[in-house]
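Only one chain is included here, represented as structure tokens and corresponding to the form predicted alone.
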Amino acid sequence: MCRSRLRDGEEEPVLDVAKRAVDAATAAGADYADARAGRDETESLTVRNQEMEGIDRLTSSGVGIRVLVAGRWGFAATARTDAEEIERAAALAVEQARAASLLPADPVELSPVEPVTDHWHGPCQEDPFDVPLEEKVALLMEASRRMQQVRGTTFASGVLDFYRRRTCFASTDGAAIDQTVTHSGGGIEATAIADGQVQRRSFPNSFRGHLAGAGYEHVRSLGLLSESERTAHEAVDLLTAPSCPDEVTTLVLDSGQMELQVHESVGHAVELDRVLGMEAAYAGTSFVSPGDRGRLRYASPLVSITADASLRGGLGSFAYDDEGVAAHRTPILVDGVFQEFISSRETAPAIGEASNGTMRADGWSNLPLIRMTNISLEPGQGSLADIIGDTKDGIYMATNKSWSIDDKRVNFQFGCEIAWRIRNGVIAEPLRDPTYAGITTEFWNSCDAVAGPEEWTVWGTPNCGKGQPGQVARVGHGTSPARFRNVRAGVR
């Protein structure tokens, strides 16, 4: 089990810091207060064409204090944790809330939560911050070398990312929670350029690879070296491949592309703050309404989707959210019918529910927002090979390259790195620059196959943006390959 590394090798009493902050806010006049004393540690390595592009390390610690006074929020954060500074920050948060209480608005009411005292560490067998830097660099250099050996490769890149967050939460409800998550992962990327074409292939996934809630053992399992040459060959071969045709066709998506399909067209659409209009300026609202619960046929009966913060190994996994609510497994779609939003203590009462625990902040210095946990497409039956074999004519697309979706999460367009024609149940020639477009509910209702558990992968998305000022969250998605009928492909 990996442990949180603290200054001078000693346990820093950050839970005591959180408790002192709550006490200071109460003394300053808060009706409710919670505090998150936290410490973040990150490391990122990037190699390109066997040269180091960067090694970035960051450590950040401090405390954020959130208060309610007369039903209005106030928040202040500080990197100093001495008693005098905590009292100043707590008083500032209370002052903000009092000022906000002069504005005409309904007072905030919080759904109840059972206060707990707990310590929790996420899964981690091999501490990624203890693995020698030389070993990490050597892995990326060798992957880059193997990709460069493939004739026609222009750029050969690799990246490793490591992250640890310890969060100590206390509240006037009586919560005292100390939890730590560790994330590890990485990926490689080959780019080929010729005759005005730029083609790219990534492994195991695009946009910094494949990250998981795990230690360095996850990096060792990725197979970055064994897949290097194949990845580069595919990038080079795409230079001479025909373009993806513009047609309505049967579309099969790989597990990696399904990750982003779920993220954009389901995950963001069921965030209750968007639905209630509390999150609109930065990334839009949602077409889903509270009255749709139990009624909206969102997808075909083959599609069930859950939000599960208790899923092992996801970037959206934890024991308690940043309001002290225990991790939940929540049904979002059951047999294609919409069931539940993801919510907070403030938003859940608006639909007569209690929070299902999805509030998370981008570190101790930000207010928590409703964020996806692990939003997963539940596995169906059979394999990807079974789906391909059962497809007379269609296109199989893999690995996300681009995305666009409107501010109601209705109309979308995605681009992938590569596609292959499917003819009579067999994968045929590759196609370059594949794209597809659709309308969210029409698309999901056209799903007629989802591959089974053996094809199911929990992918990590480390850069989900939301909020104003913007925050970044780490979320997870379990997905299998799936098939959709009558989809417009080749959109330009």
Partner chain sequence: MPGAIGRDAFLEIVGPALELDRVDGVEALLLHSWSANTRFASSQIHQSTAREDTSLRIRIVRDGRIGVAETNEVTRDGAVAAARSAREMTDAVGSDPAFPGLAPVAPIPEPAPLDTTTAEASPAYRAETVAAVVDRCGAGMHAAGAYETGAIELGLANTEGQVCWAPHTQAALNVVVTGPNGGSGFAEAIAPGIDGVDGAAAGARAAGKAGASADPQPIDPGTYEVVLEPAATSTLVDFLGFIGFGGRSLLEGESCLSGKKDTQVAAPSISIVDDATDPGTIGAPFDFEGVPKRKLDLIRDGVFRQGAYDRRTAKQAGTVSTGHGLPAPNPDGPLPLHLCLEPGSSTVEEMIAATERGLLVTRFHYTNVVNAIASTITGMTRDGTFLIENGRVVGPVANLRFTQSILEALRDTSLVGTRAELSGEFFFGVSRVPALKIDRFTFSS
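Just so we're clear, the structure is a prediction, and the values are computed from it rather than from any experiment. Numbering follows the first chain given and starts at 1.
There is another form of the same protein, the form predicted in complex with the partner chain; it is not shown, and what comes next is about it.
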With the partner absent here, would Gly174, Val270 and Asn356 each sit within 4.5 Å of the partner chain in the predicted complex, counting heavy atoms only? no
So in the predicted complex, does Glu442 come within 4.5 Å of the partner chain, heavy atom to heavy atom? no
Is there a heavy atom of Thr59 lying 4.5 Å or less from a heavy atom of the partner chain in the predicted complex? yes
Is it the case that Asp433, even though its partner is missing from this view, gets within 4.5 Å of the partner chain in the predicted complex, heavy atoms only? yes
Is the gap between Ser446 and the partner chain in the predicted complex 4.5 Å or less for some heavy atom pair? no
If contact means a heavy atom within 4.5 Å, which one of 398-406, 313-321, 161-169, 233-241 is the stretch that engages the partner chain in the predicted complex? 398-406
Only one of Glu85, Asp386, Asp127, Asp292 gets a heavy atom within 4.5 Å of the partner chain in the predicted complex. Which one? Glu85
Here the chain is shown alone; which of Arg200, His328, Arg146, Arg345 has a heavy atom within 4.5 Å of the partner chain in the predicted complex? Arg200
Heavy atoms within 4.5 Å of the partner chain in the predicted complex is the criterion; list the residues of 22-48 that meet it. Thr46, Arg48
